[in-house]
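Provided below as structure tokens are two forms of one protein chain, presented individually as structure 1 and structure 2.
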Structure 1
């Protein structure tokens, strides 16, 4: 019998939904085993009945519920709670659902500052009071889904990897547990490492890393050891695609000759990538204090769960 699936998106960009489509043709086979009962992005099932006649929000009961996006408003909190109630297994899909994601960078500022910027300090806008008439309340900050309701399965990534979605769905169809192995991006990165860096300067990505295109990856030196900040050491593995021909798995950004920015989040729950990264930088002889915009950069995708907060005002 087909497994019933409900999908909801909260504080989202839609990238994780597109990732589901990026399963490609195998998706058509999977669809035969899945019965989507609710999925606003693709299906016309409505909360209050098809002509809107019902009083109560109704998300149908499902075996598997998938939530993408973090929780920003009271309304999203309500949807997350309704999904938890109606779904036997709840999956947090993508780094926004798992850790708050990039939108949780807003957690560095009090709401009032955001409103000021958008409605009074924008160069094209005719300034006005913050719209407030009957608008839904925002929560004080962006929350990860597991801060609001218990989550059974986490599949991080910004966006996540279609291969992982297939693995997770297949495991759920077979009634098995799905959990990502606690490995780092470096553990699956094919570049050459010598455990020491050339100099003491941390470089910004204002110039190209050195790379040997068209040659085996081990001929290219680790970007971090070239002096560019790369979050591979403190980031969960899982983003990589297998290359055609040689079958080497290459982390996505590394393939683009750009350093990792940590979009899969920490390797294990409760880890502190900021502290761990500082240790990693120092251990190869680079100056950890030189990382520009350190706090925001090292918490870019994981600002929920209280990792990013407004800083107290500096004493004058």
Structure 2
């Protein structure tokens, strides 16, 4: 009997849904065992009956529920609660669902200030009242899904690695537990490390790192030791793909000759990447004071769970 799957997207760009399509051929092997009963991006299943005649939200019961996106509005909170009620196992897919994602950077500001900026102070918008008619009100901040309802499986990433989606679904089909190992991006990064910075200055990320095209990764110097802010030391591993031929796993950003941006979130629950990253930077001889806007930069994808919140006003 096929496993029933329900999927919802909340406060998100849609990239995690594209990730499901990016699974490619392995998805074909899984589809015969899955029965998607609810997935707004693919099927026309209305919340309140197909003609809108119902007065309560209807999401079909499912064995596995997948939620992408964080929770920003009262409507999204209601949907998350209904998914938890109807699904035996609930999966948070992507960094927005797991940690609030990029939208949770708004948590640095009070909601009233956001309304003021968008509807009154924006130079490209005529000042107006905050719209409220037929729109779900915003919550006080952006929440990760597990702040609203219990989550059984978390698969972070922006977007996540399609291989992890296959591994998680396969484990669930086989009745096994799926959990990412607590390892950092650095633990699986193959670049050469000398444990000291080549210079004392932190460089702009848009500047090109030094590398030799076509050479083994072991010949490339660690990006942070080159002076680029790479969040690999404090970021959970899992984004990497095995290279054809030698089987070396290369993290996604590193393979694109970019420093890790931290989208897979903390290595373990309760970790504080901001503090840990300051230590990692200093340990190789870089000046942590040179990191611009540290609070936002080092919590870029993980502003939920109260990692980002408005700072108290400074006394004048």
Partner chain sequence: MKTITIYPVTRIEGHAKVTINLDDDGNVADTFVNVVELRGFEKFCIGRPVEELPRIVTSICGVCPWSHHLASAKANDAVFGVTPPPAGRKLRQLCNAVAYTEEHILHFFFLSGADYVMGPDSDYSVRNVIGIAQANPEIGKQVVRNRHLGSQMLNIISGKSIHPVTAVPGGFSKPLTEDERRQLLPMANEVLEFAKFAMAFAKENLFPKYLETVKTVGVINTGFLGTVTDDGTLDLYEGKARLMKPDGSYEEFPYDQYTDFIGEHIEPWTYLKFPYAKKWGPFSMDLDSPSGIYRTNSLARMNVCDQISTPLAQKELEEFREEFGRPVQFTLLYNWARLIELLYNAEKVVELLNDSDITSAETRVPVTPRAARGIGCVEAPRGTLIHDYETDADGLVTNVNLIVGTTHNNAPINMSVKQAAKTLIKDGTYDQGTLNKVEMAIRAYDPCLSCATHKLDGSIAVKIEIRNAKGQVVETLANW
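Quantities reported herein were computed from a predicted structural model and do not represent experimental measurements. Superpose the two forms; the largest set of C-alphas matching within 1.5 Å is the rigid core. Numbering follows the first chain given and starts at 1.
Student: Specify the structure that is the form predicted together with its partner chain; exactly one of the two qualifies.
Tutor: It is structure 1; that copy is the form predicted together with its partner chain.
Student: Taking the rigid core as reference, does residue 52 move its C-alpha 2 Å or further between structures 1 and 2?
Tutor: Comparing the forms between structures 1 and 2, which are aligned on their rigid core, residue 52 does shift its C-alpha by 2 Å or more.
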